[in-house]
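Okay, here we've got a single chain as structure tokens, the form predicted on its own, with questions on binding and movement later.
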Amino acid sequence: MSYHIDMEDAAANEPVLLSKHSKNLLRFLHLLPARMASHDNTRSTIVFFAVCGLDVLNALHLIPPQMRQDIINWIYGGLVVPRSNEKQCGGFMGCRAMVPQTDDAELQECVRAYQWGHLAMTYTSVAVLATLGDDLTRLDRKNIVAGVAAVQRPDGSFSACIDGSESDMRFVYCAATICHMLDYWGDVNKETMYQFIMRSLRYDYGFSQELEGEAHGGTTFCALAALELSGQLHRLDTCTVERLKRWLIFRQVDGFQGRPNKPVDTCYSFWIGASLRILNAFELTDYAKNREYIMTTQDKLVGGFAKWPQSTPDPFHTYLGLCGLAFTGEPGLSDVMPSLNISMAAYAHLKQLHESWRLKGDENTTGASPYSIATTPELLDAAMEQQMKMCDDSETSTSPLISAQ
């Protein structure tokens, strides 16, 4: 039975409701609905989806100047700077529950024991600051990266925080984004990180969340983005890259699925799409099918995109759906930097900060990476071509079913 896409279908011809999506995301900067109460401890991720979504929509101007400064100050309010006698736990918290508004020194000291940075919250917080144009001068970059290095496990993976957390590919990605955005790697061991990533490459050529797990679209993105951001993507040999592309391309049904035999989901238009963009293979996908599926999840009443058609929209799927559409060149949307998951405008601001830090000889700065991230399709093509030339003939997979390096 063949599957035919009728381009006359209503969803295929619907416009992206840019204004409604902008208003939808702006609401989340004012008030979280009751149904999202369980996300209170990860508020910085909600701010990330809303602010970065408005940026992709070219609608940051909807955030008034005073509100923009209030958001920046709120983000900095979650910054943890450890004292000399404390564990290396620098970074950002996701909410302010552990920052009581009190002058009681004993209570403050008690709460202090529960204040530590979280890799995902640190990544989203720094990304929001960069997107809003902050100069990051209030950050001690060396201290934050010391906190990242402190949660790296002996196997190369990372925990989310210093005191108790799972360790997997999600936090490998967050660690790489933090170090890349702050232009400093400190004591982070990139070699053991690389080894953990490659041990997570499965027999079917997707990456798993943890060792011996199932290949997954989201963690495949995390692995590839971490390799690119750490300047190690070139270490994948040509055969591995081609098989990765094949696994990713096979995730398209109309939209994209995260695993074989699973339903499609709006967010994978980003996870799979960004992975293919990193590998310079997104043009091998069917743009029309992808767009048609995303549009079936658009809420035409209040704006936003949902996981599935007829479902409730949320900031997560709204932002990633917009990014997926941006990859296809949807009119009205800004370009997205795939591996950092921020707009190219925000990334350009980061690159300017990196240059200024280097010119000042900032001791927190490691200097230019030998493998810079390309910022245009032409440079991306050239970068991947160079990476392919640098590959040797050996396989880079460590799966027991594939010959190892």
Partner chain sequence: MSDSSDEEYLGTDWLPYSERSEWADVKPLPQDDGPNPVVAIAYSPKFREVFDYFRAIIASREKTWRALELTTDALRLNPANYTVWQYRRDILRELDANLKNELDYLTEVIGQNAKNYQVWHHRRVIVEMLNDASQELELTQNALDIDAKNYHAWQHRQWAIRTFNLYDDELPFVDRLICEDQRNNSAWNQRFFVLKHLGFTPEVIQRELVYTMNRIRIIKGNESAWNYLVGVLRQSEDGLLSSYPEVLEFSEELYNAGNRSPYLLAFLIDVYQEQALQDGANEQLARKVYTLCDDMATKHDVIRRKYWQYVAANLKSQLSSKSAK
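Residue numbers count along the first chain shown, from 1. Note that the rigid core is defined as the largest set of C-alphas that superpose within 1.5 Å between two forms. These figures come from a predicted structure and were not determined experimentally.
The form predicted together with its partner chain exists for this protein as well; it is not shown, and the discussion that follows is about that form.
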{"item": "Proximity of Val99 to its partner chain in the model of the complex, heavy atoms at 4.5 Å", "value": "yes"}
{"item": "Exercise: Val47 in contact with its partner chain in the model of the complex, heavy atom 4.5 Å", "value": "yes"}
{"item": "Its partner chain contact in the model of the complex: Asn85, any heavy atom under 4.5 Å", "value": "no"}
{"item": "Its partner chain contact at Tyr76 in the model of the complex, heavy atom, 4.5 Å", "value": "no"}
{"item": "Heavy atom within 4.5 Å of its partner chain in the model of the complex - residue from Val253, Leu136, Val81, Val302", "value": "Val253"}
{"item": "Option touching its partner chain, based on a heavy atom within 4.5 Å in the model of the complex, out of Gln257, Gln152, Ser334, Asn143", "value": "Gln257"}
{"item": "Answer range among 222-230, 180-188, 236-244, 326-334 for contact with its partner chain, defined in the model of the complex as heavy atoms within 4.5 Å", "value": "236-244"}
{"item": "Residues in 264-285 close to its partner chain in the model of the complex, defined by a heavy atom within 4.5 Å, in order", "value": "Glu283, Leu284, Thr285"}
{"item": "Rigid core fit then Arg35 CA moved by 2 Å or more between the shown form and the other one", "value": "yes"}
